[in-house]
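Just one chain is shown here, as structure tokens, and it is the form predicted alone.
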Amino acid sequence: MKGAESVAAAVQRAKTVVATSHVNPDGDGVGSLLAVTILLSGLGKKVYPSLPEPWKYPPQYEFLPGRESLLAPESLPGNCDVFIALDCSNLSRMEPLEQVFERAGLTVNIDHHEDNTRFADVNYVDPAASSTAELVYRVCEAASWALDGRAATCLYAGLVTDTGRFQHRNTTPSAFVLAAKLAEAGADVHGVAREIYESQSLQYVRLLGTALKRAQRLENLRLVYSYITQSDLEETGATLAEAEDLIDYLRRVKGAEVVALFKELPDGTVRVSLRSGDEVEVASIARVLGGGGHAMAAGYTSEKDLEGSIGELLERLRDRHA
């Protein structure tokens, strides 16, 4: 049985479903989670959607249908028929929901990351897919579930953000076909574009200005990088959750093979986001440093302070150029 059909069959028999996505959720994780919640609730199933860090929900996705249904991890039931992990490459990406996962009658893993560890009973993993949202749509199609405008809007948000508005290398012909199908199903195409890309808070704009002002370009490493501190967040009033796409502004610097954004966390550790064009596979760099992701879009968390984290990455890049 093919992946989409296997997921459809597993979910079809369930009465209770817990669904989640990863820490520091992006548009694909959020959109896929909300779409699954809407779809399965429409089938009469009791769905418990959650995120590992619900308080870090990116504000640019507040407009998506179903946002109000999200539960804190501690509010989830002790067990469920099926647990669905969306856009998670491994179990640690959904901590602290691992215990709920382990108690589920059946576990399902829907993802498109190249480094997915196939950790569930049913694994529907396709690295060639543009997004997890695309895989959710395939499941919906295989199961002949009715797709309304609300679920279509959530899936469209996942598709648009993970393809970088259809600009990234994962923008396949099937991605454009899916966009057309979702629009036909009633996705709010214009609303998604407006809310995600044209409705930033003034606080975020100020944070963006700070990050761009201190951007550095290292010609010998073909690197452009910048950083955000906790002080920056306090001074601007912005939140780290809304800075998901900030790195895309750094990518516009001509001649950069690798782009990095260092984000200081409250506990002093540093989250590092990496992007590249076709020249460098940043996922391999991220994996060496304890993270992972896609070939051209990856990340990791460094236990070093900001200065040490920057130095750590520079050392890795110098090794690559040696």
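Numbering starts at 1 and runs along the sequence shown. Quantities reported herein were computed from a predicted structural model and do not represent experimental measurements.
There is another form of this protein, the form predicted in complex with a small molecule, and it is not shown here; the text below is about that form.
Enquirer: Residue-level question: is Ala298 within 4.5 Å of the small molecule in the model of the complex, judged on heavy atoms?
Expert: It does: once the small molecule is placed as it appears in the model of the complex, Ala298 has a heavy atom within 4.5 Å of it.
Enquirer: My question is simply whether Gly66 lines the interface with the small molecule in the model of the complex - judged by any non-hydrogen atom within 4.5 Å.
Expert: Although the small molecule is absent here, Gly66 would stay clear of it in the model of the complex, with no heavy atoms inside 4.5 Å.
Enquirer: Taking the shortest heavy atom distance, is Pro58 within 4.5 Å of the small molecule in the model of the complex?
Expert: Flag for Pro58 set to no.
Enquirer: Is there a heavy atom of His113 lying 4.5 Å or less from a heavy atom of the small molecule in the model of the complex?
Expert: Taking the distances in the model of the complex, the answer for His113 is yes, it comes within 4.5 Å of the small molecule.
Enquirer: Report the stretch among 66 to 74, 38 to 46, 249 to 257, 271 to 279 that approaches the small molecule in the model of the complex to within 4.5 Å, counting heavy atoms only.
Expert: Stretch with heavy atoms near the partner: 271 to 279.
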